[in-house]
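Next up: just one chain, as structure tokens, the form predicted alone.
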């Protein structure tokens, strides 16, 4: 299959406007004849559902939580980027576009990223109109702060709760349409299959997580906004329920999976505290605005941080990257932290560095720091028992975000016609490394400003049609899904789902984590299949399928992770270069930075499912850079 990205031609700054002018429209009275299923109610899903309903479409929205407000988008704490240039420090749409492309190590589409930068300003206006309480200065103007990979202040924030406040804004818009009768929200439902009829996405099979009943839903189009897959590593900053299942089941129905090896390790996470820990806690990257990262100059220094004099501290990010210092991009900062800990300079249990606010408190005062980051300091105190106002925080990198995802074209449509993919669930905007404060920007851009145009063009070309779950494809989907659930229950083995997940996470973190090599990737590909076979022979899932059964939920998600983890490692082995978060140790510069191979790997890797017993087929979408020149990515 030739991947047609549908990117417009012409000057980059005019592409989106010209593209919108040529898209098909639907008469307002006819829109109510169309139904759209939106799976996921985070920022991308909630904004898409609310906007489509506002336009007149019938919308069915699904989430596995008990409320859309519990979506993982609330965990994005630090802020949202926009190119408004309020601080008058030289920002522009082009600079935001360039920083995002460069931050992704030149492995993203120009057209998509420029559109994202263009839309960013409208997102802020939209959210202010919704009442999102962005921070303001003494005069009442919106405030900005800096994030990694940028030398300007373009990040709008609501203390350390930006994701939560933005989601509440989207939830208000969603609730308005629910009350108007245009949206039906199905809570505690998990999508377990995509239903394809005559080559088009026409519905889903979902499980009622309370009753266990399998339910079919039909529509004219399906929108996936189901987040990322970082929990494949077991320990990550993602919510425990975050999973790859919806995207993976769509992959098995014909949607290509793009760049699965592009995963992000976040540098600012509370270190692991025990072998049985269930997840990791993220501390916002915004802390690196005022916190300074350092380690003792002496290996395994037993002294407490306040006893170590300034001359015996190594502010290694400031030393290695003087141009950006503590605000170096996430992939670079994470590797630097791991390298210095591996060399024996780590603090605590050896897997941590200090994030110190002493200088900021002395210069700005405790109350200023409290107003900027107070809830993050409170969270750190509750988890560690340490007061970060008096003693430096300890941080260490952790799996966080997925730049890879289902392949989509410029219209956000996958290789299955009628299946649209938004936010972190698609691959499109972040290349090999996402800059901080860009996830919220992409989710809202996709949902509020892009999908309403592009899905209308698709629907106008198909006609309203008939939406009924009587087609044989729905029966077949329910039957196959039920068989899979019964197969999991029938094993009755002696190992828990969590035990298997820890084993998979251990394999992936050690072999496909921050540093990868041909040897480690081959080892992962040798270790995952036997673990998957053992899972299907030894896992113990108690209870029944026709009941509330969280172990069954976890087992199904892990079964998908055991398959997806192999694709992730395969993609990493295929990409014989270093770029962004994908760091192959065989490909690095003399000073240890990522070394790209533009001659051979300047493409999107899109994988096609061909059966459980057949290796997936690789398709390549060549990336073109007409408006910028690719260069060695340097933050020194």
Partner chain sequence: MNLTLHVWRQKGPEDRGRLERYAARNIDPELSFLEMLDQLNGELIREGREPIVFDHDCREGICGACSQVINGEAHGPQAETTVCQLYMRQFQDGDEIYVEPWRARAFPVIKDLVVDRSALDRLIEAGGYISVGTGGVPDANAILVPGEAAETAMDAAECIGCGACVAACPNGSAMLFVAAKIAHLASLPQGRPEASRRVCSMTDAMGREGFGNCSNHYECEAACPKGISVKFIAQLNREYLKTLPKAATSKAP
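Just so it is clear, the structure is predicted and the values come from calculations on it, not from any experiment. Positions refer to the first chain, counted from 1.
Not pictured, yet referred to below: the form predicted in complex with the partner chain.
At a distance of at most 4.5 angstroms from the partner chain in the predicted bound form, none of the three residues 102, 110 and 198 contributes a non-hydrogen atom. The single contact residue among 466, 179, 319, 390, judged by any heavy atom lying within 4.5 Å of the partner chain in the predicted bound form, is 179. Among 124, 336, 119, 562, the residue placing a heavy atom within 4.5 Å of the partner chain in the predicted bound form is 124. Of the candidate stretches 147 to 155, 297 to 305, 416 to 424, 167 to 175, only 167 to 175 has residues with heavy atoms within 4.5 Å of the partner chain in the predicted bound form. Contact check for residue 70: a non-hydrogen atom falls within 4.5 Å of the partner chain in the predicted bound form. Proximity of residue 357 to the partner chain in the predicted bound form falls outside the 4.5 Å heavy atom cutoff.
Residue 139 belongs to the set of residues with a heavy atom inside 4.5 Å of the partner chain in the predicted bound form.
Remark: residue 548 counts among the residues lining the partner chain in the predicted bound form, judged by a heavy atom distance of 4.5 Å or less. In the predicted bound form, the partner chain lies within 4.5 angstroms of at least one heavy atom of each of the following residues of 363 to 386: 379, 381, 382, 383, 384, 385, in sequence order.
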